[in-house]
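In the block that follows, a single chain appears as C-alpha cells, in the form predicted on its own.
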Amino acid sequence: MKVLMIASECVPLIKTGGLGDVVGALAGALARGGVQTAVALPAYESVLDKFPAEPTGLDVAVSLGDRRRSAAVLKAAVDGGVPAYLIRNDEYFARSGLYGTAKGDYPDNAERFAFFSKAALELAAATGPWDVLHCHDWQSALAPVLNRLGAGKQSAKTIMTIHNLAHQGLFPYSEWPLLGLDIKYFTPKHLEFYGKINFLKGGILFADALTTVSRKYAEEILTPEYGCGLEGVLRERQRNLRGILNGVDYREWNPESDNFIKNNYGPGNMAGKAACKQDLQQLYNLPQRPSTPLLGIVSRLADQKGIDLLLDIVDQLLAMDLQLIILGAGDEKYQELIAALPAAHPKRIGVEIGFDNALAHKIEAAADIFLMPSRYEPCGLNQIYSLKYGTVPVVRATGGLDDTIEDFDPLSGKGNGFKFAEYSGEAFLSAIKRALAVYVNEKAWKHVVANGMAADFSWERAAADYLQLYRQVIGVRAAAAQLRA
C-alpha cells in the first residue's frame, strides 16, 4: 500500500502545534508497519535553512486563475527515513511565518494554499500511483475536491483529517478564480459558506472518508456547540466519519530515557521523580518540600484551553498548601495576567511566558498533578504525556481528554485521573480538590499513578486504526455526499 500525506506541517521539519506532531509520527509509524509512506509539504524558508534537502529534478506547475505558477520539488527525510517532498515556491513559502505574522494572517493565504493543494496533486501524479492521499486540515483540503472533480489525474482515494474544526480556511468570493472550479460549486451544497469560500468544507464534502483525532470529538463536532457552523455538513457525512485517537511518541516522551529531566525513573523505581520535583522547585525558587503537591500547566494561553477558568480560581487555589508552575504563550491579555501572578503569590507559583521544550519535559516529570481545563480539546497530548510520567491529570471531560482519562474511583481502584464536566471555575476547583484528597493517601495515590503509567497510547496503535481505514476505503468506495451540479 502507498500513502501520501499532504499537510502544511510535519515534525521534525516544521510545526506550530499538534498537527505537525501527528503528521510526522503517523508517517513514521505507518512506515514501520510496512506501508510505503511519504509526506508532501511546503518548502518553508525555515525548513530549508535547518534541514538538508536534495533536488529531485522534478518541477510541477499549476494554474491559478489566468496565471501559471511552478515549484521545484526537493526531498528530505523524516522519522526513520520517510521521504518528505518539499514543494518550493519562494514567492509563497520563503517567509518568516507559516500562516502569518503577529499582526495577522497573510492576505494571500487562499492563493498560497490553493497552490499547495494543486501542486501536491501534480506531485502525486508524478510520483505515484498512490492508493491513498491523506490530507490534513484546511491547508490541504482542496486536494480531495480537485481530485474527485478530475484534476488529480489519478484514482487515489482521499482521507480528510480534521485536527481542529475551528480553523476552516475561510476566504472571500473574489478568490474563487484561484481554485479553477466551475461556479456551480460555489453554493451552500458545496464550498460556499455564508458568502465565503470554505476550504475545509470542500474537503469534508468531497473526501472518500473523514477522520478526526478522538472518538469523543467526532461526536462533539456533530453538535452546534462544537460544530463551528459545519455540524450539518458533518452530519451528512456521519457514516464516513471516524474518530481515531492520536498517539504519542514514547521515544521522546518517556521518563525512563528523557534527557531533559534531572533523573530518569519508571514504574519500578519512582525515586527519580522526587529528584525532578526538587529540581523544578529550585529552578523557580519555591520551597523544596517533597510533600507539598506541585501542579503543572503547559498550554497555549487561549480561551480554548480554559485559561479563563484557571484565572477564576487561581487565588483560591494558591491559598491552599500547594505550588503551581505555568509554561505557555498566547493571547496578550492572558500572558499579562499570568505573568503578574508570582508577585501576588510569592513562593507559590512559577511562570514562564513562551515555549521551552526542555522545560515542558521538566514540568511533566516534576509535577504531581497536571491541569487541562479545556473548553474543547480535539485530542490533547499533554494529558497522555502526564500519564507516562506518573503525573495525574485533572481535565475537563471533552474531546480526547474524555477519551483518555478515566475518573479515579478510590473504592474500586480504577481510573487514571480526575475529570469535571461543567465549564465553570467551581467545577474545575472541585476536581482539583478531589485529586488533592487522594494525594494525601499515599496508597491510593500510588494506585492512580500506576494506572496511568501502565496505559499505552503509542502511535503503533493509532497507525493500525488508520491502516484498517485505508483498506476499507480502497476496498469499498466510500459513499460521498450527494454533489449536485
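These figures come from a predicted structure and were not determined experimentally. Start at 1 and count along the sequence shown; that's the residue number.
Another form, the form predicted together with a small molecule, is not on view; read the next lines as being about it.
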For the chain seen here without its partner, which of 230 to 238, 269 to 277, 127 to 135, 321 to 329 has a heavy atom within 4.5 Å of the small molecule in the predicted bound form? 321 to 329
Report whether the minimum heavy atom distance between Trp253 and the small molecule in the predicted bound form is within 4.5 Å. yes
Are any of the heavy atoms in Asn264 no more than 4.5 Å from a heavy atom of the small molecule in the predicted bound form? no
According to a 4.5 angstroms non-hydrogen atom cut-off, is Gly18 in contact with the small molecule in the predicted bound form? yes
Using a 4.5 Å heavy atom cut-off, state whether Asn357 contacts the small molecule in the predicted bound form. yes
Interface check vs the small molecule in the predicted bound form: of Gln281, Gln168, Thr211, Ser299, the one with a heavy atom inside 4.5 Å is Ser299
Heavy atom within 4.5 Å of the small molecule in the predicted bound form: which of Tyr385, Tyr217, Phe116, Tyr85 fits that? Just give me the one. Tyr385
